[in-house]
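There is one chain below, alone, in structure tokens, taken in the form predicted on its own.
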Amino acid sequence: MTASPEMAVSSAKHTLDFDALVGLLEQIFVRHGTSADVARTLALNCAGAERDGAHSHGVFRIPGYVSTLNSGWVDGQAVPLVEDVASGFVRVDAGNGFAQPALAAARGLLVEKARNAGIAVLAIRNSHHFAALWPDVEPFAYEGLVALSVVNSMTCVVPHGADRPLFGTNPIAFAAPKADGEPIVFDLATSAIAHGDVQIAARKGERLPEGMGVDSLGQPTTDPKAILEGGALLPFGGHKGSALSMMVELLAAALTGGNFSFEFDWKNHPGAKTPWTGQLLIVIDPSKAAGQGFAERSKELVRQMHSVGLKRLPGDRRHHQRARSQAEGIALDAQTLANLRELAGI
């Protein structure tokens, strides 16, 4: 069978270097209502995810950002209010803006407090998080710090033993420095699968493994469209993932002053996609405990993990793809690139 010209065009690949993709995404964000600073922060986040092969949080998310901005649900011009409330505690009101600019605004103070006190907490409220969580913690590890972050999202997960959704996908991200190599970084949803991966599977017409979600009648399904259209996700690991998801709700929403995953109502904002919730980050300076040996201890742990047969650590695939993208460019199919340029007004 010969491919049609349309199929050939759609499957053609184009490559952009990282800076070019960031610049293109910045144009999109500014054109659709964000400030230049917000545009830069979000563009770096999305382009970084695409570069590292985290496609469910890369340029795939751009139409959702645009739709949300156009709906008036989120304030793309918001200026975060940073509050120094205690020796080891920073609080930020994101002003109904995105969480990443709030983190960027508080980052210097947070690191300073962690260095001085050994540990510091950042509580972000009144914020929207629509991206991968690992980019929020990874930079701290490059500075020799340990970082843990949680964020809750919109209701789409059925607690274990319940019959209706209540929790969000509620991810947890962790980063730690490692001697002579990339830091140890992982980012996992407390749902059985990330919501973005369900969306991608639905778009591709693929089925999901069993145990990922239920349909609108609460029956198990492997059809991603059935999950998205009135169904819901399940927590990973049954009651264990459900308990962790509950923990994230308490830390990211109750502790920060943000919304629980079930507390906001976007019915009057058609097109809104971003959950309006909260985020918590904990940053630790390991030199206050294990001295300068922490990164070496991390390296030894990894060595032992490899010695028992582990072939790939969390984050390895991402780091390998990052190196490949830096060498060869970031590959986008022709249709995706055309759509991005159209959104940018090019």
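The first residue of the sequence shown is number 1, and the count goes up from there. These numbers were taken from a predicted model, which means no experiment stands behind them.
Not pictured, yet referred to below: the form predicted in complex with another copy of the chain.
Across the options 172-180, 99-107, 225-233, 264-272, residues that bring heavy atoms within 4.5 Å of another copy of the chain in the predicted complex belong to 172-180.
Three-residue candidate spot 118, 161 and 290; every residue lies within 4.5 angstroms of another copy of the chain in the predicted complex by at least one non-hydrogen atom. When another copy of the chain is considered in the predicted complex, residue 88 lines it closely, a heavy atom lying within 4.5 Å. In the predicted complex, at least one heavy atom of residue 256 sits within 4.5 Å of a heavy atom of another copy of the chain.
Not displayed here, another copy of the chain is kept clear of residue 63 by more than 4.5 Å at the level of heavy atoms in the predicted complex. Another copy of the chain is not drawn, but in the predicted complex it has a heavy atom within 4.5 Å of residue 313. Interface residue among 132, 156, 184, 74, judged by heavy atoms within 4.5 Å of another copy of the chain in the predicted complex: 184. Site annotation in the predicted complex: the residue of 166, 111, 214, 79 reaching within 4.5 Å of another copy of the chain with a heavy atom is 166. Of all the residues from 220-249, those having a non-hydrogen atom no more than 4.5 Å from another copy of the chain in the predicted complex are 236, 237, 239, 240, 241, 243, 244, 246, 247, 249.
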